[in-house]
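First, one chain by itself in structure tokens, the form predicted on its own.
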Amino acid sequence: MTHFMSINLPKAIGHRGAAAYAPENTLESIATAADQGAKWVELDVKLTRDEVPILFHDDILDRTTNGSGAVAETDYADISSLEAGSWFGESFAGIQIPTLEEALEVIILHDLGLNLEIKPCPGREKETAEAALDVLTQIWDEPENILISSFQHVSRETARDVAQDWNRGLLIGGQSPDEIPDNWRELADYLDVKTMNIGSKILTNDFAMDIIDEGYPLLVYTVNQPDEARRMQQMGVDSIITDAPDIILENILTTH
């Protein structure tokens, strides 16, 4: 099994920037995470209709913008005119949805690492991975500070084929440990991943021990409570993905 080059994982990674304090997946959220001491951020990327990679989580625009409808059916020119901050708080009124390229500029400015989750709209798994990784390749030159992940198998395969020299993580989520896939070892091997990125609701002591025994660094998401973060650390978790980087960094056992 190939575990690639080294990876410079921090103890805490800001989820969608610092989603407890600023609108998720925005430049402001990235900057907030950096201000709170996060060394990395986790962000979601998907494509507009005309294939511009943007930071966005949902398949539809309604929850976090003043627009509506499917991202996949909306051109970038229309998405760029939407307002994406008021839903979170009045002080963020006027914030826009950033392109991946704009986000990378802010990430580099703040000297952050990046866990980029490829979050394709249905049917665009391959294109989204290709377009996002194409932008990354043109801009990013710190292979030890990047981690690519996705829940979508085709996106994972595309990332493996397109970004062979970059570290990738196997993202596994769910609501209970019953959802741990029996074939996770084979999947990790097939996709040639570097890390295991596991939902906190499914992570058990046994699963954590198995991952560590296989030699994979272990990341867990989304943990916002200090006691849960410490419990995860005691299970051997290397990196905690959190909406509140400040709280986690103040309360975990060690930081770097």
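The structure displayed is predicted, hence computed values, not measured ones. For every residue, the number given is its place in the sequence shown, counted from 1.
Not pictured, yet referred to below: the form predicted in complex with ligand G3P.
Contact segment among 202-210, 64-72, 184-192, 41-49, judged by heavy atoms lying within 4.5 Å of ligand G3P in the predicted complex: Stretch 41-49 is the one.
4.5 Å heavy atom contact, Arg231 and ligand G3P in the predicted complex: Because no heavy atom of Arg231 falls inside 4.5 Å of ligand G3P in the predicted complex, the answer is no.
Proximity of Leu171 to ligand G3P in the predicted complex, heavy atoms at 4.5 Å: Looking in the predicted complex, residue contacts with ligand G3P include Leu171, since a heavy atom lies within 4.5 Å.
In the predicted complex, Phe151 touching ligand G3P (heavy atom, 4.5 Å): Yes, contact at 4.5 Å.
Partner contact for Lys11 in the predicted complex: ligand G3P, 4.5 angstroms, heavy atom: Lys11: no, not in contact with ligand G3P in the predicted complex.
Those residues of 45-68 which, in the predicted complex, come within 4.5 Å of ligand G3P by heavy atom: Sequence-ordered list has one entry, His57.
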